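What follows are structure tokens for two forms of the same protein chain, given separately as structure 1 and structure 2.
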Structure 1
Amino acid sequence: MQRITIDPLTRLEGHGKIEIFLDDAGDVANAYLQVPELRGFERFCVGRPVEEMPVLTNRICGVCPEAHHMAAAKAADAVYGVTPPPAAKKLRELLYSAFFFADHTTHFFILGGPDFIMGPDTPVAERNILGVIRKVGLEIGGKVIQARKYGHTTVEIIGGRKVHPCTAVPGGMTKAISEDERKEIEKMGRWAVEFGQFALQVFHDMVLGNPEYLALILGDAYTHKTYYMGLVDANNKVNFYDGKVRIVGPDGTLHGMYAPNDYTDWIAERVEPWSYLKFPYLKKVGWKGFADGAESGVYMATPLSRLNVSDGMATRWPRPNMRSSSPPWASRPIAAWPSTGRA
């Protein structure tokens, strides 16, 4: 059997290697994504004080430390049975939204995006952010840089640092923001909304406007019909900070909804001997191997799945004009650029 090895995976956070096996006819017989790293947070967090968790678990991922910082802080709130005061909650939500903006900009233009903006056949030396800036020019490239800067500056004002924030503690935040800081954040936030619309336009023009890409992302190879998972508020709108975890099946029917502290009733993890990374799946459906469909417990927890589980975004801006029918968007890979991050 012939084998193609891709090592390392690039333009994403974390280590990975792909082994593809081809049969005699040259078709793919099987493929494995292996994660060749384990740092042992599961072990060394045991015995450490709970208030340290927001800063220890940050280091799981330096691309999305805010996610780990918040999850750990919320877990610590729960340990003490406390609810942060409204101002602290708002600060956390604002920090998280700013992170979301910066992170998705990083993904859209620096990690995943160059495939589409530069094209998959572009030479390696150009298929990256520096190539993107050379191609789109400094005016647009400058906007991308500005967007990341505004996102990270907001995180820094509230969280103390641009990477690995340090202000969320059990029951609240260590720092308030001043009126001047609030104004600065508001200015950056308004700019960010405009930039978001610009980014959507880029996606529309460069990806949806390209028949070849469209065929690729709507094609079989790019589509996985699985269960979908995401956080929703009381109105079933997307929420990034709080709420319940909602799960729908491949056809959009409700599988279940749970409070985060009940997660072990809903999710289990499987071990495979060929990767350090475990494979989470829906416990009530069960592990049926690496298969999609309603019979298999495999699920997605991604930007796409957030849209599939919810009745929409909570913001007052209408959703982009990409959705043509009622929910779910299941299997419509509208936002399905390969997502970064790790379990």
Structure 2
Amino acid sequence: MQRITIDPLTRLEGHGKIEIFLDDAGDVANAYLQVPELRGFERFCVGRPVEEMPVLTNRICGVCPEAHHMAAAKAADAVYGVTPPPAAKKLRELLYSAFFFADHTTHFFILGGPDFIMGPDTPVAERNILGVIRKVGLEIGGKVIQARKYGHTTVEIIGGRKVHPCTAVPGGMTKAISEDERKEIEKMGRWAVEFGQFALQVFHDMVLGNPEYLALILGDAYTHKTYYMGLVDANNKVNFYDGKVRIVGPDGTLHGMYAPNDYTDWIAERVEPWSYLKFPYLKKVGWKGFADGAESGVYMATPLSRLNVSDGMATRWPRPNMRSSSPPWASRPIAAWPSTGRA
């Protein structure tokens, strides 16, 4: 049996590799997506003070520490039985929203962009961030960097640091923001909305406007019929910080909804000997292996899942005009970078 190893996988958050085993006829007998790193946070957190969790668990990742910071802070709230005051809750949500904006900019233009923007037929050597900048131009590449800077600057103002924030504690936040900082965040936020509209236009023109790529996206190879999971508010609208976890089946019917602290009634984890990654599945359906369909407990918790489980978005922003066939950067200049006085 022939063994093919792809190691490391690139353009993802963490470590990964693929092992492919071919039979004597050269056909794929088995394929494994492996996570070879052992993080061990579940063990070395044992015995530590609860209030340390928000600054300890955010070391799980250097790309998305804000998500771990918020999750740990909310868990600490529950342990102490406290509810953050409205101002603290708003600051937490604002911090997470800034992270969300910067993180999705990173994924769209830097991690996923080399495939989405460059196209499936582009040589591998050109499918990287440098290839993206060459295609969209230096000015647009600079705006992507500015967008990330805005997100990290907002995180720094609220969270105390650009990476691994430290201000969320049981029951609230350790610092407020000044009126000048609020105005600065508002200015950056308005710029970010315009940049988000621009990014949607880029996706429409360069991805959905590519017939070959569109056929690839909609093809059977990337279609999986699974359960979907996401957080929703009281009106079943998408929420990123608070609410209930909603689950729908492959056909969109409601499977269940639960409060986050009831997750052990709904979710179980399976381990396999060939990866340190854990495989969560729906308890009420059961583990049937890596298979699609309503009989399999496999589920997705992704941006697509958020849309599939919800009745819509909670905010109403004007949608971009996606009828133009010309490149968006040719006629839609983004506002100049507002001066923040920060490095």
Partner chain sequence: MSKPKFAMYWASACGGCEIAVLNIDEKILDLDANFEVAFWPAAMDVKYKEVEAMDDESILVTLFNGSIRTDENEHMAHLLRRKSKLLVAFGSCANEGCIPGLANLSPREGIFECAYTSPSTENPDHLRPRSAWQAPEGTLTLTPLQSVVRTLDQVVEVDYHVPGCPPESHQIAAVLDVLIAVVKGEAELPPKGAVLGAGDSTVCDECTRKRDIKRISKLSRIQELPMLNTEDCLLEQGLMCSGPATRSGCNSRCPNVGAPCIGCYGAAPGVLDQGARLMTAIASVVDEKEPAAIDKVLDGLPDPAGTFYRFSLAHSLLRANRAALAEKP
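If you superpose the two forms and keep the largest set of C-alpha atoms that fall within 1.5 Å, you have the rigid core. For residue numbers, the reference is structure 1: its sequence is counted from 1. Keep in mind it's a predicted model, so treat the numbers as computed, not measured.
- Here the form predicted in complex with its partner chain appears as structure 1, and structure 2 shows the other form of the same chain.
- Once the rigid core is used as the reference frame, the Cα position of residue 50 differs between structures 1 and 2 by less than 2 Å.
- After superposing the rigid core, the C-alpha of residue 29 moves by 2 Å or more between structures 1 and 2.
- Residue 9: CA moves less than 2 Å between structures 1 and 2 after rigid-core fitting.
- Superposing the rigid core and comparing between structures 1 and 2 gives a CA shift of 2.4 Å at residue 20.
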